[in-house]
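Only one chain is given next, in C-alpha cells, and it is the form predicted on its own.
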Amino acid sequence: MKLTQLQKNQTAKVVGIDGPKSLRERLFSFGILPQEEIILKEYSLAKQTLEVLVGDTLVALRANEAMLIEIEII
C-alpha cells in the first residue's frame, strides 16, 4: 500500500521507499525510515500535498514523493 492511500489520522509503518537515492536520503533526514510509524494528519485538495507526523515532526510531502513510500497499516 502507498502512503497516498492512507486515510486522515490513520497510523502506518513505513515498509520501504522507492525512488532515487537523493530522495531516499532526504526522506531519511526527516525521519521517514523503514519500520517508523507515520500518521497522515492533513492533505490538500486532490491530495497534491500531504502532511504527515513522524515522531514529533510534521513533514509536508508532494503526492509524487508520497507515492514512493510503501506502508503497512498498523
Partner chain sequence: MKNKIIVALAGQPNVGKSSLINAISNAKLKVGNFSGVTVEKTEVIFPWRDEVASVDYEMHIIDLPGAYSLTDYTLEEKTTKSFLQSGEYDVIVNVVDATNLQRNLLLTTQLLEMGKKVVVALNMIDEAEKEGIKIDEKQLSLILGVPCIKTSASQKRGIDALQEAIVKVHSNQFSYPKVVYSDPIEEEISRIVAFLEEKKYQIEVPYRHLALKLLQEDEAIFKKLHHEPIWIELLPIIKDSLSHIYLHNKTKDLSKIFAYEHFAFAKGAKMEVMARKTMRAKNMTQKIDNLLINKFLGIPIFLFFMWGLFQLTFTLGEIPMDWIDMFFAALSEGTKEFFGGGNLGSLIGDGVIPGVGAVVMFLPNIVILFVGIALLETTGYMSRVAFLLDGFFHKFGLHGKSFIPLVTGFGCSVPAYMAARTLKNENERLITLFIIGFMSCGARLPIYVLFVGAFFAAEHAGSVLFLIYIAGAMLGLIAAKVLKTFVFRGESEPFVMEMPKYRLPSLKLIWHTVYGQAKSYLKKAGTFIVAASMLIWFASNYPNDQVLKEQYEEKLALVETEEKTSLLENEYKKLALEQSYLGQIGHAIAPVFAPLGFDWRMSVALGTGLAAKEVVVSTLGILYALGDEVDEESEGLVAQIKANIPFASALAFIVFVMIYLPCLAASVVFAKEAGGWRYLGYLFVFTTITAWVLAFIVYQIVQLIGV
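None of these values were measured; they are calculated from a predicted model. Positions refer to the first chain, counted from 1.
Below, we refer to the form predicted together with its partner chain, which is not included among the displayed structures.
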query	finding
Exercise: residue 38 in contact with its partner chain in the model of the complex, heavy atom 4.5 Å	no
In the model of the complex, residue 61 touching its partner chain (heavy atom, 4.5 Å)	yes
Partner contact for residue 24 in the model of the complex: its partner chain, 4.5 angstroms, heavy atom	yes
Non-hydrogen atom contact residue 12 with its partner chain in the model of the complex at 4.5 angstroms	no
Stretch 47-74: residues contacting its partner chain in the model of the complex, 4.5 Å heavy atom cut-off	48, 49, 50, 51, 53, 55, 56, 57, 58, 59, 60, 61, 62, 64, 65
